[in-house]
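The chain below stands alone and is given in structure tokens; this is the form predicted alone.
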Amino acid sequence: MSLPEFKLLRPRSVEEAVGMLHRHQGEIQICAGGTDLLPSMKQRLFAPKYLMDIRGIDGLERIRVTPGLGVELGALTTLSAVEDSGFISKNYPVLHEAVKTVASPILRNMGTMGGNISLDTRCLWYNQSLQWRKSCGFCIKKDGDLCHVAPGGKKCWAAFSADTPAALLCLSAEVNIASPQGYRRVPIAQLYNNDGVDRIKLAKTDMITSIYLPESSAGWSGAYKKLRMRGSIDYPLAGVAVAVKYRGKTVEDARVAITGVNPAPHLIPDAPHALVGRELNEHAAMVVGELAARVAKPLTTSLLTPEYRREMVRVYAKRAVMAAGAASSN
């Protein structure tokens, strides 16, 4: 499959990039690492008239630590750079664990943090060639009005399938967004819509420039567990991130988030109640697993059954909680 025809734009500043987004809105796509976008363009899921390569913008590829505030990850910071950062590994282990599971080392060398948090949703009926999709009458996410996953439904259930947002939710991360009106910073928990088509709360003239990890989340024990078809390269069919803050042997605060089983990543709202004020043990981990399975809403967006994926959310949540506890004692 070949790429559709497009004109390549290469801005040298955020302001220039935002101007291009404004002039060509509706006809332009942002390209950073291109590890997800370019294969999708070959499948004709996207055929933008303009492709804007932002890799020439200085200052977007960095890990900057500000004592007393936290860490800024530029949108162009590669996943490999985060994986190789001793500071991230020590202070934000849940993010380090999640990044390590993304795709393969070669793809992590190209893929970026900004690209990963804004990844398109995926579905067995959507991520196919144009010829395959045409033979099936297309779907509600692209070119059609039928949902093959939930027939008769008006909502797209394509699954959000990025790994790092679950970890970032556990860390109370924030996202810096540039637009023609200036910059704004929003909690990553407010970035996503629970909709397979309208997946992210970004205007066509918006561009993510960085991700902030607050210092208040530094030092929390963390773990990330992921179900995938192939253990080395695939997207999550279920992913669970856990971050735990201890006071002695007692849990002082905790957060659990899931990905891969809903149209958006989700924090498990009742998970802290099952962990805070207690010593972490297998019973508490089982309770968190049950809570996570209730939030998970997998449908037939992959080759694995929804029932199996929901059960794996339960299993992986328990494992992630126990792994976070084991990491704190090391």
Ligand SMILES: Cc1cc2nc3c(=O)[nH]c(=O)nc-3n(C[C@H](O)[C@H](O)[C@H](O)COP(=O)(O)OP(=O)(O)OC[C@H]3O[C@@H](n4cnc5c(N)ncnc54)[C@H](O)[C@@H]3O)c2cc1C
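Counting begins at 1, following the sequence as shown. Model, not experiment: these values are computed from the prediction.
Not pictured, yet referred to below: the form predicted in complex with the ligand.
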item: Candidate from 101, 127, 217, 221 lying within 4.5 Å of the ligand in the predicted complex - any heavy atom; value: 101
item: Answer option from 158, 257, 95, 79, heavy atom within 4.5 Å of the ligand in the predicted complex; value: 79
item: Heavy atom distance at most 4.5 Å to the ligand in the predicted complex, all of 75, 112 and 236; value: yes
item: Which of 34-42, 265-273, 298-306, 279-287 sits within 4.5 Å of the ligand in the predicted complex, heavy atom basis; value: 34-42
item: 4.5 angstroms heavy atom contact with the ligand in the predicted complex for residue 244; value: no
item: 4.5 angstroms heavy atom contact with the ligand in the predicted complex for residue 30; value: yes
item: 4.5 Å heavy atom contact, residue 107 to the ligand in the predicted complex; value: yes
item: Distance check, residue 140 to the ligand in the predicted complex, heavy atom within 4.5 Å; value: no
item: Neighbours of the ligand in the predicted complex among 127-147 [non-hydrogen atom within 4.5 angstroms]; value: none
